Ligand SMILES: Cc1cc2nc3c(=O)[nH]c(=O)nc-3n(C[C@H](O)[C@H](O)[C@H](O)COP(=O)(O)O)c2cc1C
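We begin with a single chain expressed as structure tokens, specifically the form predicted on its own.
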């Protein structure tokens, strides 16, 4: 038995160990807002745990959007309804858009918190407009700066050394929501322009998994962690190894959560790597692999 075959036999065990390890919360200064007895529903989508971490500060039982979409009844009524998701190219992930288009929401106070890692540009205004066009009137839309896990641009090792002031920014958002503040974060395009942003969005939202990803076969142990964290069933195991295909959310949950770093992004063009550091990966330290699997597994 060679080294790769030995690793394959250990795959299930490694995945189980990784799933079981739930890191303790380090943000001790943050107190969850229990909404003073009011019924609050919080819906989230996550790939590396940032948005789930935020959602858990807003609700004891946040609801996964990929799991909610499996239900027949998508009608929701509460005193407060919230959405937490990552900023993808200054807009919302496709799965979040699908959920809002299909579901019905009724609440006197609706809020959204969007996680981002570098520049939030006009995502709050975009989301407020999109939600409104689909029958959701936001009372509050804000963003929160966290580790940027977009591998084509950022080195995760560098990102994790930067203090993003998550505690204090999240505490401010909790205060805002506790007082039912009315607020929509204004646009800040900065160095972006509309033409460049449109090209970025086209590249992001028209991606397929086979076009984006490649497998390092010498590393893959066929543990199928990638399949378990994918919200779109883009992975399967065949007699020829791991098969990748299907419309991709471009969330990178599969790449970041692979225990062997066997998944990487294809080169953007000849001679140029598809990501800044293929050996650096990220998952929010307060969120376990098992939580991401429960959130996304199809």
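Please read all numbers here as calculations on a predicted model, not as lab measurements. Residue numbers count along the first chain shown, from 1.
The same protein also has a form predicted in complex with this ligand, omitted here; what follows describes it.
Residue heavy atoms within 4.5 Å of this ligand in the predicted bound form occur in exactly one stretch of 214-222, 108-116, 172-180, 73-81, and that stretch is 108-116.
This chain appears without its partner; in the predicted bound form, the one residue of 100, 94, 209, 90 with a heavy atom within 4.5 Å of this ligand is 90. Between this ligand and the residues 258, 248, 252, 42, the one pair within 4.5 Å by heavy atoms in the predicted bound form involves 252. Among heavy atoms of residue 231, none comes within 4.5 Å of this ligand in the predicted bound form. Put simply, residue 147 is close to this ligand in the predicted bound form: some heavy atom of it is within 4.5 Å. Among heavy atoms of residue 263, none comes within 4.5 Å of this ligand in the predicted bound form. Taking the partner from elsewhere, residue 47 is found to have a heavy atom lying within 4.5 Å of this ligand in the predicted bound form. Contacts between stretch 197-227 and this ligand, counted in the predicted bound form as any heavy atom lying within 4.5 Å, involve 204 alone.
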